[in-house]
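First, one chain by itself in structure tokens, the form predicted alone.
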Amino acid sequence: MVAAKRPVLESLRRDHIIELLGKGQRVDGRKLTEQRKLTIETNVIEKANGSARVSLGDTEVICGVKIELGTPFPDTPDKAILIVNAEVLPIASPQHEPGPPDEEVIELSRVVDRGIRESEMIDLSKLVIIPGQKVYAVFIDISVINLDGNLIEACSCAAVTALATAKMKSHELSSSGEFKQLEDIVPLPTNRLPVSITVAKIGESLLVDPSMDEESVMDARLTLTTDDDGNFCAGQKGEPGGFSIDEVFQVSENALASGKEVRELMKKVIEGAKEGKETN
């Protein structure tokens, strides 16, 4: 089977990027292991239980968390409901138009969900009121409002921050069997701060936090999610190209190092939100 040829402009862009990478340079002047500027804001949606806006370079996303009562799924009667939904708004990029989500957006939702779920950021068993009958349902809605690459990291960061600052109304079942809402507003119980880091492979080079131009010519992509203890809890490989064993180890080291930096910023922002301060 003959591989499809790249469009002329894409081939020229790739040649230019590879030429720069051969000199250890990137189009935007960053080092290969350097992330773009990351800013995080909290409590940006008044009616949400928790919310966050994240800017990673020129990529910008906003996330809202809504916590309601629901009926557990039949196969998990002892766990709360967790649902992640992501969308790329038409204003985010000339390439996106109104309509149902495409494969990339569906993948985005699943990878963000997997990082939160597999890291056990939320102990879903603690959000059960009556097993098999009544649980809390945590809905995470993410909107991409400007697209310039590395959506997985930006969306994951926004979702995790929104969850970590979310507050909810508590309920209880009285001795008489009456189900009632309490007056208390309590934090959503969270245990960890998972961070997803994406590395793109272009030619023989590995680039942390790829921009949209770099993603348009990358051969492969690997996203790894780590938790606070340095454990790898989720991963996602994209694009047809592959990674050698040595390259996977290098990506792992990058994910740990960059993940630590991102997590420190997230902690600072989350603590600021709990103290009523605006920190980013």
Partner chain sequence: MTNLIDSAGLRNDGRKFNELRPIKLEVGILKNADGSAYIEMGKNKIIAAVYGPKEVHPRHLVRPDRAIVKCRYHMASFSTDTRKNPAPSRRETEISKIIRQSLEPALILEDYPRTAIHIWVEVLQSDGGSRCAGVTAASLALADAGINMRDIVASCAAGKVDGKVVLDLDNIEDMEGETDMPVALMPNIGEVTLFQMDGIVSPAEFKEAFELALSGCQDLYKLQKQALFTKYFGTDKPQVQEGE
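Numbering follows the first chain given and starts at 1. Because the structure is a prediction, the values reported are computed rather than measured.
The same protein has a further form, the form predicted in complex with its partner chain, not shown here; the description that follows concerns it.
- Stretch-level contact analysis of 187 to 195, 153 to 161, 133 to 141, 110 to 118 against its partner chain in the predicted bound form, using heavy atoms and a 4.5 Å limit, identifies 133 to 141.
- Remark: Asp219 does not count among the residues lining its partner chain in the predicted bound form, judged by a heavy atom distance of 4.5 Å or less.
- At the 4.5 Å threshold, heavy atoms of Glu204 stay clear of its partner chain in the predicted bound form, well away from it.
- Put simply, Lys66 is close to its partner chain in the predicted bound form: some heavy atom of it is within 4.5 Å.
- Put simply, Asp58 is close to its partner chain in the predicted bound form: some heavy atom of it is within 4.5 Å.
- Among Thr71, Thr76, Ser125, Ser93, the residue placing a heavy atom within 4.5 Å of its partner chain in the predicted bound form is Ser93.
- For the candidate spot formed by Thr165, Val208 and Glu261, no residue has a non-hydrogen atom within 4.5 angstroms of its partner chain in the predicted bound form.
- In the predicted bound form, its partner chain lies within 4.5 angstroms of at least one heavy atom of each of the following residues of 24 to 48: Val44, Ile45, Glu46, Lys47, Ala48, in sequence order.
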